[in-house]
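In the block that follows, a single chain appears as structure tokens, in the form predicted alone.
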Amino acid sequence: MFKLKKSLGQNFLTDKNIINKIISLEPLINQRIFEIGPGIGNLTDSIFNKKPKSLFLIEKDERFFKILKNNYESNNNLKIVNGDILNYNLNKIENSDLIVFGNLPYNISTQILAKFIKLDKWPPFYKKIIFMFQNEVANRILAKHNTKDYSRITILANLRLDIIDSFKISKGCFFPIPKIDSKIIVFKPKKKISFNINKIENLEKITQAFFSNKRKMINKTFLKLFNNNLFLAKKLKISLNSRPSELSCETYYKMTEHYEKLKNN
């Protein structure tokens, strides 16, 4: 038995009922599938049995990569890469309408989600994302503004993705058993984006500036970002006495649009 690595978030889903629930979220027959971090292949086996058109796996741990390669190397419609998803160039994927699965490591789960949001081409190569997050991360993604869990990842995710389903998974469904429960979230890319943001990095910059002082009023941060432009605050109907969590996602998108205009002038 391999010694599992905490740094890679290696808690494997073993509950067959939950695995079946996950793969039933989308008909997989004759579909193109992309799985991140398949580990020893518990979910992969069930996906493969649904006869997808193709299956692409990326696994960082070389030990599990070798197991997967040994188990699946005879299948022509399956490709396995030994690599880190954070270093993989998603922009070079040529196929379309992929379904993406991933049981994401806690410490990099928001980075992985952000990578799929920040693709150069939009609509993207995938038609659905089915990701598993540890519960507290999932709650931040699902949060509404003016709540304690509302955060930068809430705002980023809602720019380009619709959240269409979610359900909780008990920690007892994994081996080894993690400290907290997990949650599945299903995303679908928005075909039309309502806001004209040229660089998502600017949205990240705006939210970083505000949420680094999450408990303080936004007045100083706003005036610093927008050169003391009180007229803009009035135009966007923003009270400078607000806290960052009191502003809606749409308000952050509008601020980013104006920030980009300001930088281009």
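Remember, it's a predicted structure, so these values are computed and weren't measured experimentally. The numbering used is simple: start at 1 and walk along the sequence shown.
Although it is not shown, the form predicted together with S-adenosyl-L-homocysteine (SAH) is what the next lines describe.
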Open item on the list: If contact means a heavy atom within 4.5 Å, which one of 230-238, 201-209, 215-223, 39-47 is the stretch that engages S-adenosyl-L-homocysteine (SAH) in the predicted bound form?
Closed with: 39-47
- [ ] Could you check which residue among I163, I108, L119, I93 gets a heavy atom within 4.5 Å of S-adenosyl-L-homocysteine (SAH) in the predicted bound form?
- [x] I108
Task: Contact residue in the predicted bound form, from I169, I85, L98, L113 (heavy atom within 4.5 Å of S-adenosyl-L-homocysteine (SAH)) - done: I85
Open item on the list: At 4.5 Å between heavy atoms, is L25 in contact with S-adenosyl-L-homocysteine (SAH) in the predicted bound form?
Closed with: no
Open item on the list: Please determine whether I58 contacts S-adenosyl-L-homocysteine (SAH) in the predicted bound form, using a 4.5 Å cut-off between heavy atoms.
Closed with: yes
Task: Contact of S245 with S-adenosyl-L-homocysteine (SAH) in the predicted bound form (heavy atom, 4.5 Å) - done: no
Task: Non-hydrogen atom contact F64 with S-adenosyl-L-homocysteine (SAH) in the predicted bound form at 4.5 angstroms - done: yes
